[in-house]
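In the block that follows, a single chain appears as structure tokens, in the form predicted alone.
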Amino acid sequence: MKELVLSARHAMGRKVEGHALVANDGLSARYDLNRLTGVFSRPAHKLVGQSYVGRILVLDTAKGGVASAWMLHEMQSRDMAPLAIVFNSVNTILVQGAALAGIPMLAGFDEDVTACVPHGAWVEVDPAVGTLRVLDPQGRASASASASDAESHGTQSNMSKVRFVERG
């Protein structure tokens, strides 16, 4: 079985696996997430209504200031945090927030990560080696990821710039 592997220039945290929530949208922990219910709450966000708790967020960029950073810590203290966050680009404030909350993070890819990772895929974030691996594009526990899901979240297939490795 071949799997997709993307390399990040910036990484921190522990290795985790989980379902990916993918959108070519930004993330402000303050304005996009409801930290009490655990769902994307801003109506204009492409993931509105979806739970981010225990998911790996794969998004375009980080938005927001200091409040975004401390909200990640608060979410983690309530067990209402994402499992990891993956960005094409990130700001220092969100990096500080993720570090304070102990949320693994990857950022800085040569490819548009939101176009390469299927929405709902089962992925591995391994900051020690700086990689995001798509282990199962369909997701292990859910077959809900489909082409129409990917299109509705702004993702498109762009696999020509990424490498595939054989997995035993």
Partner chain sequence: MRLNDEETAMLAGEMGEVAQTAIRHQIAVGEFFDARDFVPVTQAHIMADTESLGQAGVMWLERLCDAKDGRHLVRVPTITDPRGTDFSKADALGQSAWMLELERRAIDAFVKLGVTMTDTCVNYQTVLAATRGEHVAFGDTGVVIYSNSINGARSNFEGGPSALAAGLTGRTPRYAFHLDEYRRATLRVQVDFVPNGLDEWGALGGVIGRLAGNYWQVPVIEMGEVAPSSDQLKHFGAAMASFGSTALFHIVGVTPEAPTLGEVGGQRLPVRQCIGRSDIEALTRSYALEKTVDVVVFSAPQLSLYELRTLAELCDGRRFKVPLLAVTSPQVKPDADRFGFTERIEAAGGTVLSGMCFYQSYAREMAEAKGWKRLASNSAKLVNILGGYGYVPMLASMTACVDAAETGELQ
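Positions refer to the first chain, counted from 1. No experiment lies behind these values; they were computed from the predicted model shown.
Although it is not shown, the form predicted together with the partner chain is what the next lines describe.
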Problem - Contact flag, residue 16 vs the partner chain in the predicted complex, heavy atom cut 4.5 Å - result: no
Handout entry: the partner chain contact at residue 135 in the predicted complex, heavy atom, 4.5 Å
Key = no
Exercise for the section: Answer yes if any heavy atom of residue 49 is within 4.5 Å of a heavy atom of the partner chain in the predicted complex; otherwise answer no. Expected result: no
Problem - Heavy atom of residue 23 within 4.5 Å of the partner chain in the predicted complex - result: no
Handout entry: Candidate site 10, 70 and 91: all three near the partner chain in the predicted complex by heavy atom within 4.5 Å
Key = yes
Exercise for the section: Using heavy atoms only and a 4.5 Å cut-off, determine which of 58, 62, 125, 121 is in contact with the partner chain in the predicted complex. Expected result: 62
Exercise for the section: Taking only heavy atoms into account, state which residues of 90-124 are within 4.5 Å of the partner chain in the predicted complex, ordered by sequence. Expected result: 90, 91, 92, 93, 95, 96, 99, 100, 105, 107
